[in-house]
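Here you get one chain, nothing else, as structure tokens; it is the form predicted alone.
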Amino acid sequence: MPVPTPTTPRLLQAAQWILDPVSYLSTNFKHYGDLFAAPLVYGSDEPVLLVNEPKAMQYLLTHDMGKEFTTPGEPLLEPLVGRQSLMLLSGTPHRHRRQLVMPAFHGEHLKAYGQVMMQVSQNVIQQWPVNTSLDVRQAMQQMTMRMILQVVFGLYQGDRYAQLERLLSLRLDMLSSPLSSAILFVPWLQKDLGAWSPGGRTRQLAAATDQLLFAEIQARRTQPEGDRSDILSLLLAARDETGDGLTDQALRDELMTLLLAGYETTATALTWALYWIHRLPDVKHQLLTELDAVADPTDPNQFLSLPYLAAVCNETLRIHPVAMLTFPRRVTVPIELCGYHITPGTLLQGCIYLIHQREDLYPQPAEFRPERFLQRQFSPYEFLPFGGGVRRCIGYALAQYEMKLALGTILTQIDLDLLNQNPVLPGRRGITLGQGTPVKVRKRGARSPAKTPLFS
């Protein structure tokens, strides 16, 4: 039986995939089901099949070391993160790199970042004006960028801090709309035709950013400080079994990977969470009741153990997964999947968005219902906002930590009103899924009953 393939002309499919990916995915799922061809994902003639059935997703994610698949390149990510990023490595180099950098994101290191995250959150919300409209996306971008600069780079102030904050924000915000995101999917837009062209502007910003990143790496190599716990310091000190560490280029690529994964995605998730919390009074009431019972709001660990806060975070990542697709796998031998015969050379990708929208897994999937995650536990192939298998995002624990602490700090300190009267719909931001319209809130001052400030 042939694999279902949309009959819409390729050019129209490409336009819909770039400008309205949610509609593209939902429409094709309604017509074709658990697996269908999407020949436009990479803008090439390669056949790409999107998988959105849990058992097939499990097969796809757990056969990385078998003979069924190889790992192709990721042409959309390479311009953003660099060729030596963990995201783009495969096989033995990927396994070695993952083992080398994994310790920086777990255990005691993770706990050390908690106070930094809460301090940044507190400092940012103190700058929000009272009784004035606030663009949540911009506010969350500022918050997550400062967290990244402090937790990842160990930068708290100074000229390099200010320049990196400005340049990195400009570089990532160039993909802030579906139309501007077209540069990732249309190769000729990536050409450097001068400073006025998208490709030229991208290269200028990349060169300026790289100059700062390499300067910081070199400065830290020249004058290492043994008591630093930021991720860059830990990566500089990391050694494999032969005593080799990361090269400057590999460090630069990993730092850009962390920026893409930690800045853009977390800002998006926090924006969606605040939108739903303030749109649904019952959700807000239940969450604030749980937060009000926290004995010591200066202790990060107390936020991490709150079940309803965790459920709100999970439901946010379920209904609006920032990453729509898993990493691709190339079929090397004939296989059967979802009842279809898949030929060698075919690219397969799991569709995280459609898995999270399945009615059989999540009844009324368009509704925001955190209690789903209190009533049952979902498998790693039913709920996978950070991907899965050996390709699961290495910073997933850090992202969850950051999300809980930022929300806990914001909601225990201030009152917000949602100003949007109409539903906010998802829209493309580069390779990720963000908000199609701004989320606006108004800060009303300290919560009542007021909490003691976290930091003086």
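It should be emphasised that the depicted structure is a prediction, and the values quoted were computed from it without experimental measurement. The first residue of the shown sequence is 1; numbering continues from there.
The same protein also has a form predicted in complex with ligand HEM, omitted here; what follows describes it.
- [ ] Report whether the minimum heavy atom distance between residue 404 and ligand HEM in the predicted bound form is within 4.5 Å.
- [x] Close contact is absent here: in the predicted bound form, residue 404 is far from ligand HEM, nothing within 4.5 Å, heavy atoms only.
- [ ] Give a yes or no for residue 141: in the predicted bound form, does one of its heavy atoms lie within 4.5 Å of a heavy atom belonging to ligand HEM?
- [x] Answer no; every heavy atom of residue 141 is more than 4.5 Å from ligand HEM in the predicted bound form.
TODO: Determine whether any heavy atom of residue 148 comes within 4.5 Å of a heavy atom of ligand HEM in the predicted bound form, and answer yes or no.
DONE: Result yes; residue 148 sits at the interface with ligand HEM in the predicted bound form.
Open item on the list: Whether residue 94 contacts ligand HEM in the predicted bound form should be assessed with a 4.5 Å heavy atom distance threshold; does it?
Closed with: Result yes; residue 94 sits at the interface with ligand HEM in the predicted bound form.
Task: Whether 80, 215 and 232 all lie within 4.5 angstroms of ligand HEM in the predicted bound form by heavy atom - done: No, the whole trio is out of contact, none within 4.5 Å by any heavy atom.
- [ ] Mind telling me which stretch in 420-428, 48-56, 27-35, 395-403 gets its heavy atoms within 4.5 Å of ligand HEM in the predicted bound form?
- [x] Of the options, only 395-403 has residues within 4.5 Å of the partner.
- [ ] Sort through 323, 354, 291, 167 and report the residue having a heavy atom within 4.5 Å of ligand HEM in the predicted bound form.
- [x] Checked against the cut-off, the match is 323.
- [ ] Identify which of 269, 136, 120, 312 has a heavy atom within 4.5 Å of ligand HEM in the predicted bound form; exactly one of them does.
- [x] If I apply the 4.5 Å criterion carefully, the residue I get is 269.
TODO: For the stretch 247-282, return the residues whose heavy atoms include at least one within 4.5 Å of ligand HEM in the predicted bound form, in the order they occur.
DONE: Residues within 4.5 Å: 257, 258, 261, 262, 265, 266, 269.
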